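Below you will find one chain, with nothing else, as structure tokens; this is the form predicted on its own, and questions on how it binds or moves follow later.
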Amino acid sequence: MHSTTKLPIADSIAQQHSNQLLEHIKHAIADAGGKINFVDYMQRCLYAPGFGYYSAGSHKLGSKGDFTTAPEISSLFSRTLAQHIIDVFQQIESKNILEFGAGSGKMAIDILLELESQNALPEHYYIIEVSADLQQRQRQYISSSIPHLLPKVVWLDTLPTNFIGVVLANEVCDAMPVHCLHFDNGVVKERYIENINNTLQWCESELSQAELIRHVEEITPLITNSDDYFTEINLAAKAWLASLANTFQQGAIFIIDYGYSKTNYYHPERNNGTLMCYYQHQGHDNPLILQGLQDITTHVDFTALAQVAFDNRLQVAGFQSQADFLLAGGITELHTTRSDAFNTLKTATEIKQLTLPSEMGENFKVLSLTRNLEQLLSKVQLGDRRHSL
């Protein structure tokens, strides 16, 4: 099951860093009585202060990192997203943007430049970033790239109250810690991590939370014929969206991530789940190695998020493939601003990466949520798939 034999070898400094986090995890397992559930393990691997993947100082994005996001591939992604933002701004008085997990800061830069070019700058561009290291890099990148717009950028530690504007969450939910489950002949167990002979191993026990029981009851009919089925449940993403809905007064929320509707997420043939790890641009499925050095991620259950939105009085305004979302936003028109042959070819290649089904266009989806807007957002109706949720 684990495809980790050809991964690059970590250098001595990185390995020492990983070993320190591993010892921390082993102590946590001992303190917990011999095992911790995977959601706790994943939380520590990604976010343990000073040691977690998103809390330490290594490069995560781009050619020197472990993965590449759409804003890093092309500024056209963010410029097109800005067109959707403008549609929302036309219906609200207080024009603000709140971005979760801003990565390198490139998306914020490109959005602000595009909005500036159309005389549609926000009052504030808020960023909530859990990684102090990334927050520092964002500040440096933004201040050097668009110093005249830096005063509009504000970093927050908590959700703003009574927020009016546009919320952006690009590849945020996939990095939230998940519970791992095993369905076997009608019996459902939660997967835990234990330390046997100084080696981390999987083990199984009872479900750790009542909310898991409710979720299992919902998805069991979809996988009832599978006698050896592994999957994940992201309770953190549901809680995040519920909290956001409580502080969100008016505007739109765009959640962009790779994922499926519930029926596809829990399809009987997806019996190994969606859990993946990324280390130096190589993907594999073993999270029990390279602690703090590799990204750990899962696909998003968009039906679960849409249900949370509905339950919290948000309007589910659209559900599209990334390709349809970008095409509706005019990505093919924006690229015509580059005229020479080299840049024309370059942008055509970028658009293909962002929109082709074999690239990011189909695997990535966009869930558009609104509140208190008088008019529909027409662009999120193109290729709308809400019926599949």
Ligand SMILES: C[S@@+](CC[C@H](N)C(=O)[O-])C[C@H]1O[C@@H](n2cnc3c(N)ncnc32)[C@H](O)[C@@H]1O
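Predicted model only: the values in this text are computed from it and were never measured. Residue numbers run from 1 along the displayed sequence.
There is another form of the same protein, the form predicted together with the named molecule; it is not shown, and what comes next is about it.
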| query | finding |
| --- | --- |
| Residue among 287, 101, 273, 122 with a heavy atom within 4.5 Å of the named molecule in the predicted bound form | 101 |
| Answer option from 96, 83, 170, 261, heavy atom within 4.5 Å of the named molecule in the predicted bound form | 170 |
| Location of the named molecule contact in the predicted bound form, chosen stretch of 128-136, 211-219, 274-282, 178-186 [non-hydrogen atom, 4.5 Å] | 128-136 |
| is_contact(residue 69, the named molecule) in the predicted bound form, heavy atom dist at most 4.5 Å | yes |
| Contact test in the predicted bound form: residue 38 vs the named molecule, heavy atoms, 4.5 Å | no |
| Contact label in the predicted bound form: residue 54 to the named molecule, heavy atom within 4.5 Å | yes |
